[in-house]
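What follows is one chain in structure tokens, specifically the form predicted on its own.
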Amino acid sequence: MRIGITCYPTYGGSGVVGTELGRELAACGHQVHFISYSLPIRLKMSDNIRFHEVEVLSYPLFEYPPYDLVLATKMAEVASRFELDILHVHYAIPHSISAFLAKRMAERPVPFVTTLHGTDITLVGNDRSYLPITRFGIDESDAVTAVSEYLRRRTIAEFSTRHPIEVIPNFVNCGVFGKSGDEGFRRRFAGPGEGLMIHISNFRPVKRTGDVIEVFAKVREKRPAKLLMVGDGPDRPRAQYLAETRGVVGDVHFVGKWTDMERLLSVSDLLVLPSELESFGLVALEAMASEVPVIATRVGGLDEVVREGKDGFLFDVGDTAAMAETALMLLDDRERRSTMGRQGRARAKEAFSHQRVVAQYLELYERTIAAAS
């Protein structure tokens, strides 16, 4: 197939999933065309992958450059020039609207799939000024998927959409993510006898990075440990300040954006994910594939991924004391940590493998193309 993919090229889950899906499709022999304003962070070019940059020009008349219109134009151009079979857009706003316009503009109308990832529904789309157009983009899509049952139900309830929504979960390549015995790499962050905790996010308020620091500070009061804070975003300065005021800044590594996430996870002991909301929790799945138990909040679709007491533990939002107590228990009990890690990896392989989920998307593409023709 000839497939166009549009996603945000940033550090968020929707961009990661869109990029990884494109890479897997290309590895299967399909032609994949990425269309976005910059090269996605995790994208590695190959023979079957092409990137088309959406260039937004500044013009005095426009206070805000109309990215959605330029994107629609580029989508239509790529669809016509390369005879795309289907467009797959990740994140509803503005991508589904741009795809709708591109479908009307292209020489040969190309069907499009919209995948809902979370904040496009729970934050952006739920704003009254965006709700009608988000609903329109969903209803005008040729196919719609959501990454969790939680997100599917919430979309239907809050947007009263007419279009059926299929659940196709996020996925992980267990051939890439796994446990590592690279002690030399681990020693760059933690010494002998020190636990190594990790948090990965875009450092936005919904991720509650301050709670990560609080959990770690409570752990650090009882035992030697280090914390990896991976990613970047608006709450990073606040998290750094909190680490200083709690007296743990010397034990926290703010490593910024990191491309080979699998390497960091492979040497970590625990993932801390105290988010206010997660529609799926891709980083939790990647941790499970790396045999890293998950300490997270009982929100959104996380309980569809993490099994309480088997792959990790789920807590109420803000309960940093209970999270810290459990983190201490796991850091002190290597055998239980290893058992949970193995169980998490087995679940990742069974329920969320890249082969299984990519096959679901391919079957959806085939149905959508057939229906459109």
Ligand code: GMT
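Everything numeric here is computed off the predicted structure, so don't read it as measured data. When you see a residue number, it is the position in the sequence shown, counting from 1.
What comes next is about the form predicted in complex with the named molecule, which does not appear here.
Not displayed here, the named molecule is kept clear of A296 by more than 4.5 Å at the level of heavy atoms in the predicted bound form.
The named molecule in the predicted bound form is approached by L277, whose closest heavy atom lies within 4.5 angstroms of it. Within 4.5 Å of some heavy atom of the named molecule in the predicted bound form lies at least one heavy atom of H117. When contacts are judged by a 4.5 Å heavy atom cut-off, L282 counts as touching the named molecule in the predicted bound form. For the options L25, V17, V357, L364, the residue carrying a heavy atom within 4.5 angstroms of the named molecule in the predicted bound form is V17.
Distance criterion of 4.5 Å from any heavy atom to the named molecule in the predicted bound form singles out N202 from the list S266, T145, T161, N202. Per the 4.5 Å heavy atom criterion, the named molecule in the predicted bound form is contacted by stretch 203-211, the sole one of 237-245, 252-260, 101-109, 203-211. Looking at 68-97, the one residue that comes within 4.5 Å of the named molecule in the predicted bound form, counting any heavy atom, is Y91.
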